[in-house]
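First, one chain by itself in C-alpha coordinates, the form predicted on its own.
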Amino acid sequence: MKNKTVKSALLGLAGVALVSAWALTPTTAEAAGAGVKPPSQNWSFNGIFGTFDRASAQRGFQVYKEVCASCHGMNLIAYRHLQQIGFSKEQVKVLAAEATVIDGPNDEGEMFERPGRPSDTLPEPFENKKAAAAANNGKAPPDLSLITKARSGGGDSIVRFSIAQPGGFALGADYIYALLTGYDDPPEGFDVPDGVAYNTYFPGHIIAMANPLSEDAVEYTDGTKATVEQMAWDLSTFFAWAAEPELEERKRLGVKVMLFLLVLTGMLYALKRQVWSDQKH
(Lines give C-alpha, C1' and ligand atoms only; values in the text may rest on other atoms or scores of the structure.)
Protein backbone atom coordinates (compact mmCIF):
# COMPACT_ATOMS: atom_id res chain seq x y z
CA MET A 1 0.00 0.00 0.00
CA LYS A 2 2.83 2.36 0.88
CA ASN A 3 4.60 1.67 -2.45
CA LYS A 4 1.41 2.39 -4.39
CA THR A 5 1.00 5.67 -2.54
CA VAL A 6 4.56 6.71 -3.31
CA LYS A 7 4.15 5.77 -6.98
CA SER A 8 0.93 7.77 -7.23
CA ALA A 9 2.59 10.79 -5.68
CA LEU A 10 5.54 10.55 -8.07
CA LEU A 11 3.22 10.23 -11.07
CA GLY A 12 1.29 13.26 -9.87
CA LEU A 13 4.46 15.31 -9.54
CA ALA A 14 5.59 14.18 -12.98
CA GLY A 15 2.26 15.26 -14.44
CA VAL A 16 2.55 18.69 -12.84
CA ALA A 17 6.10 19.03 -14.16
CA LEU A 18 5.01 18.12 -17.68
CA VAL A 19 2.12 20.58 -17.60
CA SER A 20 4.38 23.31 -16.25
CA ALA A 21 7.01 22.62 -18.91
CA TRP A 22 4.38 22.81 -21.65
CA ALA A 23 2.94 25.90 -20.03
CA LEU A 24 6.27 27.69 -20.19
CA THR A 25 7.09 26.59 -23.74
CA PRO A 26 6.42 29.16 -26.50
CA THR A 27 3.55 28.27 -28.80
CA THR A 28 4.15 27.33 -32.40
CA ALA A 29 2.85 30.72 -33.52
CA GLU A 30 5.30 32.52 -31.25
CA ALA A 31 8.25 30.35 -32.29
CA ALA A 32 7.50 30.89 -35.97
CA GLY A 33 6.96 34.64 -35.64
CA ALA A 34 9.56 36.92 -37.15
CA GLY A 35 8.87 39.85 -34.84
CA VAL A 36 11.00 40.94 -31.90
CA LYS A 37 9.66 39.67 -28.58
CA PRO A 38 7.82 42.52 -26.81
CA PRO A 39 9.21 43.54 -23.42
CA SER A 40 7.11 42.45 -20.45
CA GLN A 41 5.21 45.29 -18.79
CA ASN A 42 4.03 45.63 -15.22
CA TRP A 43 0.28 45.79 -15.86
CA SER A 44 -2.06 46.46 -12.98
CA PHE A 45 -4.10 43.39 -13.95
CA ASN A 46 -1.09 41.04 -13.68
CA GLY A 47 -1.01 38.49 -10.91
CA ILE A 48 -3.67 36.64 -8.97
CA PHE A 49 -4.91 39.79 -7.22
CA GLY A 50 -4.43 42.20 -10.14
CA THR A 51 -7.25 44.51 -11.22
CA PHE A 52 -7.82 46.84 -14.14
CA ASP A 53 -6.74 50.44 -13.72
CA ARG A 54 -10.11 52.16 -14.24
CA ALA A 55 -8.65 55.61 -14.93
CA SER A 56 -6.27 54.18 -17.53
CA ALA A 57 -9.03 52.13 -19.16
CA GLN A 58 -11.27 55.20 -19.39
CA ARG A 59 -8.47 57.17 -21.03
CA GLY A 60 -7.93 54.23 -23.36
CA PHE A 61 -11.56 54.38 -24.40
CA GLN A 62 -11.16 58.07 -25.14
CA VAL A 63 -8.15 57.37 -27.36
CA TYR A 64 -10.03 54.57 -29.09
CA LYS A 65 -13.04 56.80 -29.71
CA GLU A 66 -11.05 59.80 -30.98
CA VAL A 67 -8.24 58.02 -32.83
CA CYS A 68 -8.98 54.36 -33.57
CA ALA A 69 -12.75 54.26 -34.11
CA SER A 70 -12.52 55.87 -37.55
CA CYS A 71 -11.03 52.59 -38.86
CA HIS A 72 -11.57 49.87 -36.23
CA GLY A 73 -14.78 48.62 -34.70
CA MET A 74 -15.43 46.87 -31.37
CA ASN A 75 -18.69 45.07 -32.05
CA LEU A 76 -18.62 42.94 -28.89
CA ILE A 77 -18.66 45.92 -26.54
CA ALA A 78 -21.90 47.72 -25.71
CA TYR A 79 -21.94 51.18 -24.15
CA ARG A 80 -23.49 49.78 -20.97
CA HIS A 81 -20.39 47.62 -20.50
CA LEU A 82 -18.37 50.80 -19.95
CA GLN A 83 -19.82 51.02 -16.43
CA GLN A 84 -17.42 48.21 -15.56
CA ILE A 85 -14.45 50.55 -16.02
CA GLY A 86 -15.92 53.32 -13.90
CA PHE A 87 -18.25 55.33 -16.13
CA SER A 88 -21.53 56.23 -14.43
CA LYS A 89 -24.94 55.43 -15.93
CA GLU A 90 -25.40 59.07 -16.88
CA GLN A 91 -21.99 59.22 -18.54
CA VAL A 92 -22.79 56.05 -20.49
CA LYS A 93 -26.06 57.57 -21.69
CA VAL A 94 -24.26 60.68 -22.87
CA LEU A 95 -21.54 58.66 -24.63
CA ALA A 96 -24.12 56.46 -26.34
CA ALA A 97 -26.24 59.43 -27.43
CA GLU A 98 -23.23 60.88 -29.27
CA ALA A 99 -23.44 57.98 -31.75
CA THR A 100 -25.91 57.76 -34.60
CA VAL A 101 -27.47 54.33 -35.01
CA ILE A 102 -29.33 52.97 -38.03
CA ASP A 103 -32.46 51.24 -36.75
CA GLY A 104 -35.68 49.89 -38.15
CA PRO A 105 -37.65 49.18 -40.09
CA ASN A 106 -40.36 51.50 -38.79
CA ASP A 107 -44.08 51.14 -39.36
CA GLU A 108 -43.58 52.30 -42.95
CA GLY A 109 -40.92 49.66 -43.53
CA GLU A 110 -38.08 52.16 -43.69
CA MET A 111 -34.79 52.29 -41.83
CA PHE A 112 -34.16 55.39 -39.74
CA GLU A 113 -31.45 57.09 -37.70
CA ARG A 114 -31.60 57.57 -33.95
CA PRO A 115 -29.24 58.50 -31.11
CA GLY A 116 -27.40 55.59 -29.56
CA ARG A 117 -28.58 53.87 -26.40
CA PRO A 118 -26.58 52.16 -23.64
CA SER A 119 -27.66 48.78 -25.02
CA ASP A 120 -26.15 49.53 -28.44
CA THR A 121 -22.73 48.19 -29.32
CA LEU A 122 -19.97 50.59 -30.29
CA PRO A 123 -20.63 51.73 -33.87
CA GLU A 124 -18.85 50.21 -36.84
CA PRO A 125 -16.80 52.69 -38.90
CA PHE A 126 -17.85 51.09 -42.22
CA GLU A 127 -21.07 49.60 -43.54
CA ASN A 128 -19.44 46.26 -44.34
CA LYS A 129 -16.04 44.56 -44.71
CA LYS A 130 -15.81 45.29 -48.42
CA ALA A 131 -16.28 49.00 -47.78
CA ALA A 132 -13.66 48.80 -45.03
CA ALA A 133 -11.21 47.04 -47.33
CA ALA A 134 -11.83 49.49 -50.17
CA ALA A 135 -10.98 52.40 -47.87
CA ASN A 136 -7.80 50.75 -46.52
CA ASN A 137 -5.73 49.57 -49.47
CA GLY A 138 -7.69 46.36 -49.93
CA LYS A 139 -7.55 45.06 -46.34
CA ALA A 140 -10.27 45.63 -43.76
CA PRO A 141 -8.94 46.80 -40.36
CA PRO A 142 -9.56 44.13 -37.70
CA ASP A 143 -12.17 44.45 -34.99
CA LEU A 144 -10.43 45.32 -31.70
CA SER A 145 -12.83 43.68 -29.24
CA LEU A 146 -10.58 40.64 -28.75
CA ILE A 147 -7.29 41.98 -30.07
CA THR A 148 -5.30 41.13 -26.90
CA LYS A 149 -6.56 37.54 -27.00
CA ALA A 150 -5.67 37.31 -30.68
CA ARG A 151 -2.13 38.43 -29.82
CA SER A 152 -1.73 36.27 -26.73
CA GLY A 153 -0.53 33.13 -28.46
CA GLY A 154 -3.76 31.36 -29.35
CA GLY A 155 -6.33 29.18 -27.64
CA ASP A 156 -3.79 26.42 -26.92
CA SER A 157 -2.11 28.66 -24.35
CA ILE A 158 -4.82 28.63 -21.67
CA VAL A 159 -2.77 26.55 -19.24
CA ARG A 160 0.37 28.56 -19.97
CA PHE A 161 -1.37 31.83 -19.15
CA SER A 162 -2.98 30.47 -16.01
CA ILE A 163 0.41 29.35 -14.67
CA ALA A 164 3.05 31.60 -16.21
CA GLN A 165 0.94 34.70 -16.70
CA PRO A 166 -1.62 34.93 -13.86
CA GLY A 167 -2.60 38.36 -15.19
CA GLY A 168 -4.63 36.68 -17.92
CA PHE A 169 -3.71 37.96 -21.36
CA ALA A 170 -0.79 40.12 -20.32
CA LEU A 171 1.29 38.91 -23.26
CA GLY A 172 -1.32 40.31 -25.62
CA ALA A 173 -1.24 43.67 -23.86
CA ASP A 174 2.57 43.62 -24.04
CA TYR A 175 2.35 43.13 -27.79
CA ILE A 176 -0.22 45.89 -28.35
CA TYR A 177 1.83 48.36 -26.30
CA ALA A 178 5.05 47.40 -28.09
CA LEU A 179 3.38 47.66 -31.50
CA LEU A 180 1.94 51.11 -30.80
CA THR A 181 5.30 52.41 -29.58
CA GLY A 182 7.38 50.42 -32.05
CA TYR A 183 7.15 52.70 -35.11
CA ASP A 184 10.64 53.86 -36.02
CA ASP A 185 12.97 54.64 -38.88
CA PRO A 186 14.14 51.42 -40.57
CA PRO A 187 17.75 50.33 -40.10
CA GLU A 188 20.19 51.10 -42.85
CA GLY A 189 19.68 48.84 -45.85
CA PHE A 190 16.14 47.83 -44.87
CA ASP A 191 13.76 48.60 -47.76
CA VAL A 192 10.30 49.87 -46.81
CA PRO A 193 7.86 50.04 -49.76
CA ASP A 194 5.66 53.06 -50.30
CA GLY A 195 2.37 53.12 -48.40
CA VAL A 196 3.58 51.01 -45.46
CA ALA A 197 5.62 51.65 -42.30
CA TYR A 198 8.46 50.07 -40.36
CA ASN A 199 7.64 48.67 -36.93
CA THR A 200 10.16 47.01 -34.64
CA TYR A 201 7.71 44.53 -33.13
CA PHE A 202 5.47 43.64 -36.08
CA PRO A 203 6.39 40.26 -37.64
CA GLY A 204 8.48 41.05 -40.69
CA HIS A 205 8.68 44.70 -39.52
CA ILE A 206 6.48 45.93 -42.44
CA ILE A 207 3.05 47.07 -41.31
CA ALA A 208 0.25 48.48 -43.45
CA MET A 209 -1.19 50.61 -40.64
CA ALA A 210 0.35 54.05 -40.39
CA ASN A 211 1.45 55.20 -36.96
CA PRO A 212 -1.89 56.08 -35.30
CA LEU A 213 -0.44 57.96 -32.31
CA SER A 214 1.34 61.27 -32.05
CA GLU A 215 2.10 63.56 -29.14
CA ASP A 216 -1.05 65.28 -27.82
CA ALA A 217 -3.25 63.49 -30.34
CA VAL A 218 -6.00 63.72 -27.73
CA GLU A 219 -6.66 66.03 -24.81
CA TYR A 220 -7.33 63.81 -21.82
CA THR A 221 -10.32 64.89 -19.79
CA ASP A 222 -8.46 64.18 -16.54
CA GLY A 223 -5.51 66.37 -17.49
CA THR A 224 -3.02 63.54 -18.04
CA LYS A 225 -0.27 64.38 -20.52
CA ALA A 226 -1.05 62.57 -23.78
CA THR A 227 2.37 61.24 -24.74
CA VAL A 228 2.62 58.39 -27.23
CA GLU A 229 3.68 56.02 -24.47
CA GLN A 230 0.79 57.09 -22.21
CA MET A 231 -1.81 56.69 -24.96
CA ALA A 232 -0.36 53.31 -25.96
CA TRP A 233 -0.48 52.19 -22.31
CA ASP A 234 -4.07 53.34 -21.85
CA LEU A 235 -5.20 51.74 -25.13
CA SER A 236 -3.56 48.46 -24.15
CA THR A 237 -5.33 48.53 -20.78
CA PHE A 238 -8.68 49.26 -22.41
CA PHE A 239 -8.22 46.50 -25.01
CA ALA A 240 -7.18 44.03 -22.29
CA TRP A 241 -10.37 44.80 -20.37
CA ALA A 242 -12.50 44.56 -23.54
CA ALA A 243 -11.06 41.15 -24.35
CA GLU A 244 -11.61 39.77 -20.86
CA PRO A 245 -14.03 41.94 -18.83
CA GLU A 246 -14.75 39.01 -16.50
CA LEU A 247 -11.08 38.68 -15.48
CA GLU A 248 -11.45 40.20 -12.03
CA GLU A 249 -14.52 38.11 -11.22
CA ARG A 250 -12.69 34.94 -12.27
CA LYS A 251 -9.76 35.84 -10.05
CA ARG A 252 -12.05 36.43 -7.06
CA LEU A 253 -13.74 33.09 -7.70
CA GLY A 254 -10.38 31.39 -8.04
CA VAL A 255 -9.18 32.77 -4.69
CA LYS A 256 -12.41 31.57 -3.02
CA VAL A 257 -11.95 28.09 -4.52
CA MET A 258 -8.33 27.92 -3.36
CA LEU A 259 -9.31 28.98 0.17
CA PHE A 260 -12.08 26.37 0.20
CA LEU A 261 -9.64 23.67 -0.94
CA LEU A 262 -7.15 24.68 1.75
CA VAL A 263 -9.84 24.42 4.44
CA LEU A 264 -11.06 21.11 3.00
CA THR A 265 -7.50 19.75 2.94
CA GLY A 266 -7.03 20.70 6.59
CA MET A 267 -10.31 19.02 7.56
CA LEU A 268 -9.43 15.84 5.64
CA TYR A 269 -5.99 15.75 7.25
CA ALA A 270 -7.52 16.12 10.70
CA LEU A 271 -10.02 13.35 9.86
CA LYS A 272 -7.21 11.10 8.65
CA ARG A 273 -5.28 11.59 11.91
CA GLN A 274 -8.41 10.83 13.92
CA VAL A 275 -9.15 7.64 11.94
CA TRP A 276 -5.59 6.34 12.30
CA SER A 277 -5.54 7.31 15.96
CA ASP A 278 -8.71 5.25 16.58
CA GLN A 279 -7.23 2.23 14.78
CA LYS A 280 -4.08 2.31 16.95
CA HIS A 281 -6.20 2.09 20.04
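For clarity, every value in this text was computed on a predicted model and none was experimentally measured. Note that residue numbering begins at 1 and tracks the sequence as displayed.
Keep in mind that the form predicted in complex with heme C (HEC) is not shown, yet the notes after this line are about it.
- Shown alone, this chain has one stretch from 142-150, 80-88, 100-108, 114-122 that lies within 4.5 Å of heme C (HEC) in the model of the complex by heavy atoms: 142-150.
- For the chain shown alone, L179 is a contact residue for heme C (HEC) in the model of the complex, at least one non-hydrogen atom being within 4.5 angstroms.
- Using a 4.5 angstroms limit between non-hydrogen atoms, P212 touches heme C (HEC) in the model of the complex.
- Within this chain, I207 lines the site of heme C (HEC) in the model of the complex, having a heavy atom no more than 4.5 Å away.
- Contact check for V92: every heavy atom lies farther than 4.5 Å from heme C (HEC) in the model of the complex.
- Not one of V36, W43 and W233 is positioned with any heavy atom within 4.5 Å of heme C (HEC) in the model of the complex.
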